[in-house]
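Only one chain is included here, represented as structure tokens and corresponding to the form predicted alone.
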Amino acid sequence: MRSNWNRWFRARQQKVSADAAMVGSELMQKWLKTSSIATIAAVVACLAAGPKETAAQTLDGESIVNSACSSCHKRLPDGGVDRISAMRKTPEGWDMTLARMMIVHGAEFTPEERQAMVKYLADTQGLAPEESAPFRYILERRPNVIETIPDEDLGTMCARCHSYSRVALQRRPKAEWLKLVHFHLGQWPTIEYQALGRDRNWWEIASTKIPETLEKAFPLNTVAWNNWQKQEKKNLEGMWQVVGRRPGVGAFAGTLKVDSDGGDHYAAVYDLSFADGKTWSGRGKSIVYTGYEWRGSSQLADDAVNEVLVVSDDGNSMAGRWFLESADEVGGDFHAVRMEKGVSDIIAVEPSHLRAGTSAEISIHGVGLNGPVSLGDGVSVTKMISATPENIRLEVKAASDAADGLRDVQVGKTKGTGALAVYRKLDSVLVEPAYGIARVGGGFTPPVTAQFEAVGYLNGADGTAGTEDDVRVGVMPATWSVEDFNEVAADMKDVAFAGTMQQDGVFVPAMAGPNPQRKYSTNNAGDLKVVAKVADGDGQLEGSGRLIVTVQRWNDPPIR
């Protein structure tokens, strides 16, 4: 709904008409059909089985592209379509293009046609797995990612308005990159007079250097894409063992049953359990684009969730992130391995750390688990609680003199390298993420929360905390609080107005301002220090991070 309101509001601002309210209402209805909510439904798969999904599967995306787009894009002698054939994008990227055609140019597609077109374009003009891999965080909607931009000009010319990954998830020749520059100037005429534009010869850089830089970094024709097009695409039907972790809640494990719904469409049945005993079961639908891009929508317990996963080249594993449809900052890591005869793999140990001199119950999750269990030096199995090929539950004990460090966990001949950490005393605690962002809420836009965790570390061989050889022990229970980050924040009393910190590590921001109770009547933004205190034996360790509580996000496209 956030994107709907933003676009309706912007369109209403621009509309100079006596019946602006009526026009605004009509635009709202149009955006309801073309906004990110519809995009999620089209690209991330249908929310439930029904006639629309069946219709979308039977449509020929290539024929629709050739017929619906040819009124503006001429057919080429080689059978391609002008402009369209000169670029490659992710499913989300292609759907954003179709949405723009509908809104800006008046193109009309039914939801079923749109889905079929995205499927065809992503399959034939997508990205190879190794091309999308460095930038999957934006597709998976991972919060608090700080991008590393290899070129200063790309950072100032492109990434000052949207993420760098939005650019990096496209492939074009130089001529098409130049046309994209022209489009930006035409769509946003003040772009060269804005900050980081007016302090340089913007047009000269944008029209000469930038297209060359982009073509070199992200060319249309690559060996990776040519090789991927020849790759046999795998059928994903069957049973899968699933493990994952939701920050602030804990680990989960269980099974995923995948059945074919025809073509690259699948029906999914989940049966998951969290470490705290809660269960999470339900059903969903998914589409696999480009042979490896799993996009799923499921109803699990009371939650509607979306899944953005990447399928491995051999088709035997999937990994990525799931997130709540209503709040994509809330989600978790997801890893699934196919349960096939002859396949053996350890995919998780939970809990993943054990203090020397203590006993605990642990679970080894995997597939094809069979044989004696070894947990490394100083750790012994005191009781076998249960054992299946997918899960082994044990009571274990770490000797009081067990050395600090990671242990390999082995079941029969199957090894999980460094899967269990043993420690006598933590050396440091870090707050993760070290830098987080939350957003105030109000009106059509709910607040965007921020989840923090306290992670224990051991010093590495150099004996110094905070260096590259530190050993990550794992997430620790913590007591949470927030403080004003600096003198400016203290003067503004940010901690009193920006929101509240819960004891599960979730910061819930306040509602949007202006707030007359605040100095200068500002919004309820803030600059806060997040503090985690972790009990460690008889002592206590403290870690801290930074949290910026900022304003609402009005424009929320599928690729930000």
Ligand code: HEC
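From 1 onward, residues are counted along the sequence shown. Not measured: the values here are computed from a predicted model.
There is another form of this protein, the form predicted in complex with this ligand, and it is not shown here; the text below is about that form.
Between 151-159, 328-336, 459-467, 241-249, the stretch whose residues reach within 4.5 angstroms of this ligand in the predicted bound form through a non-hydrogen atom is 151-159. Though this ligand is absent from this view, in the predicted bound form it lies within 4.5 Å of a heavy atom of just one residue from 128, 268, 138, 210, which is 210.
This chain is displayed alone, yet in the predicted bound form one of 214, 287, 122, 450 has a heavy atom within 4.5 Å of this ligand; that residue is 214. If you check this ligand in the predicted bound form, you find no heavy atom from any of 142, 234 and 253 within 4.5 Å. The shortest heavy atom separation between residue 93 and this ligand in the predicted bound form is within 4.5 Å.
This ligand in the predicted bound form comes within 4.5 Å of no heavy atom belonging to residue 353. Residue contact with this ligand in the predicted bound form: residue 321 places no heavy atom within 4.5 Å of it. Among heavy atoms of residue 97, some come within 4.5 Å of this ligand in the predicted bound form. Taking a 4.5 Å heavy atom cutoff to this ligand in the predicted bound form, the contacting residues in 97-134 are 97, 98, 100, 101, 105, 107, 109, 117, 121.
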